[in-house]
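Below, in structure tokens: the form predicted alone, a single chain.
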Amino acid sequence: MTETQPQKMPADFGFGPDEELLRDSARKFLDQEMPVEKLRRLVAEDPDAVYTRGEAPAWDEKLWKQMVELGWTGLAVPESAGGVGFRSVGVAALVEEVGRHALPSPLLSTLASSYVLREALTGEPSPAAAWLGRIADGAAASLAITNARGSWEPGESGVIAEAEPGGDGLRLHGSAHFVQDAGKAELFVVHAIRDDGSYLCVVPADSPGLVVRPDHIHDLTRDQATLVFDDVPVTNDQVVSREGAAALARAWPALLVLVAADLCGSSEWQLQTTVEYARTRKQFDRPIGFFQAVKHPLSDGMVMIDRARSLLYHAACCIDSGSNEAETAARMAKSAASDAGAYLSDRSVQLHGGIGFTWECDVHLFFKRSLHNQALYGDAVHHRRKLADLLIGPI
């Protein structure tokens, strides 16, 4: 029997000058266009707006158009479909900056949709290419792939949407849950089940029979909804894959990397903000950062972020290299990033003392975004269980 040789990975995870330029330019752009003061005015000026009156969280549509002009929506779109075809390590670096600024926008859901549609491309002319081109041109998109349990994965119970023949294509019935930034999306990539398999369909937000029911969530930087399909027509041009589950499985590592990158970015903001507070807040005539009870948790948080970031870029590099370890690496990254997010959220509130849990303290914005990301596509415990199945087999 011939042993499989481990695949050699590029130095520095393949993170080169182009990726560095994208990260640095994104940081400079978001520092200028989305400082925390502007974020607070957008989403946290009135606590009753979302929690009592049920208003959709605000976002800056002008800023979104600038991001489109910068080419960010086309980063995960192949060049053959009109995009940039950027490497995953570079996209992860961009998303870290998005998380560091808790940016309210449909960028993450649009990138995730691009990764799924990219896996639906075939060697023959594919309907997915046209939809990818629309995304590259600035159409916001979102994934409608999860059931009421929050899962699409094979073996998990629960129906998402059901497809049946109708007209020159399909008719969709049922529902999809936990659809991110549904209120901002123009297109939905829907995973639909049929007797002969599963399909991926692109459904415009204004399709007849499609109902978007907003969910009540605590994260003020995004919205979420349940999509209800009441005999929604889908033409053949909208059916981008007749092997939907296989395409989703191939895209799954990239989706986990996106969420892990956002978690690393928001955790980094919490760490740096808390460190700065510990330098300036005095108690017993000394900055509170002088005391070991404050120093040690912050040091531990830094180590946890660095560990998660290393796993994140390793996973992104595995995707870029076509490694068969991409799923394992991505689950490790999501697990570690979720742990770091939970720890930094807890410590940032605690170490800000009496103001840490107040609405006026900006920490809560990043805390809630982190909490949402920790659960999105599976929390740390879920992925460790899946890793155990992958590495040692189901018990």
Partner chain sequence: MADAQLTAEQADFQEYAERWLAENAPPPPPERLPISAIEVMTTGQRDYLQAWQYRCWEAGLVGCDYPREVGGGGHEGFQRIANQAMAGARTPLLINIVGLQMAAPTILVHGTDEQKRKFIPGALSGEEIWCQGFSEPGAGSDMANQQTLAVRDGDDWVVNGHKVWTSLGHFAKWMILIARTSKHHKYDGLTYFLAPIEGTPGVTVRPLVKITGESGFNEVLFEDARVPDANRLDEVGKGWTVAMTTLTYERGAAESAGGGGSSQAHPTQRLIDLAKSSWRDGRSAADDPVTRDAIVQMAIVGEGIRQNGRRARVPALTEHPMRIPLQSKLLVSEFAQDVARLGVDIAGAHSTLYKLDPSAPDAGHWPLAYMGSYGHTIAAGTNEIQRNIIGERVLGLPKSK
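Positions refer to the first chain, counted from 1. Nothing here was measured: the structure is a model prediction, and the numbers come from that model.
Not pictured, yet referred to below: the form predicted in complex with its partner chain.
Here the chain stands by itself, but in the model of the complex one stretch of 197-205, 222-230, 69-77, 273-281, 273-281, has heavy atoms within 4.5 Å of its partner chain.
The single contact residue among A245, A139, L170, C317, judged by any heavy atom lying within 4.5 Å of its partner chain in the model of the complex, is C317. Out of the listed residues R307, H218, R213, R149, R307 is the one that sits within 4.5 Å of its partner chain in the model of the complex by at least one heavy atom.
Among residues of the shown chain, R23 is one whose heavy atoms approach its partner chain to within 4.5 Å in the model of the complex. In the model of the complex, none of the heavy atoms of A375 sits within 4.5 Å of a heavy atom of its partner chain. In the model of the complex, D300 approaches its partner chain with a heavy atom inside 4.5 Å. Contact check for A326: every heavy atom lies farther than 4.5 Å from its partner chain in the model of the complex. At a distance of at most 4.5 angstroms from its partner chain in the model of the complex, none of the three residues R40, F188 and A342 contributes a non-hydrogen atom. Contacts between 99-117 and its partner chain, taken as any heavy atom within 4.5 Å in the model of the complex, involve only R100.
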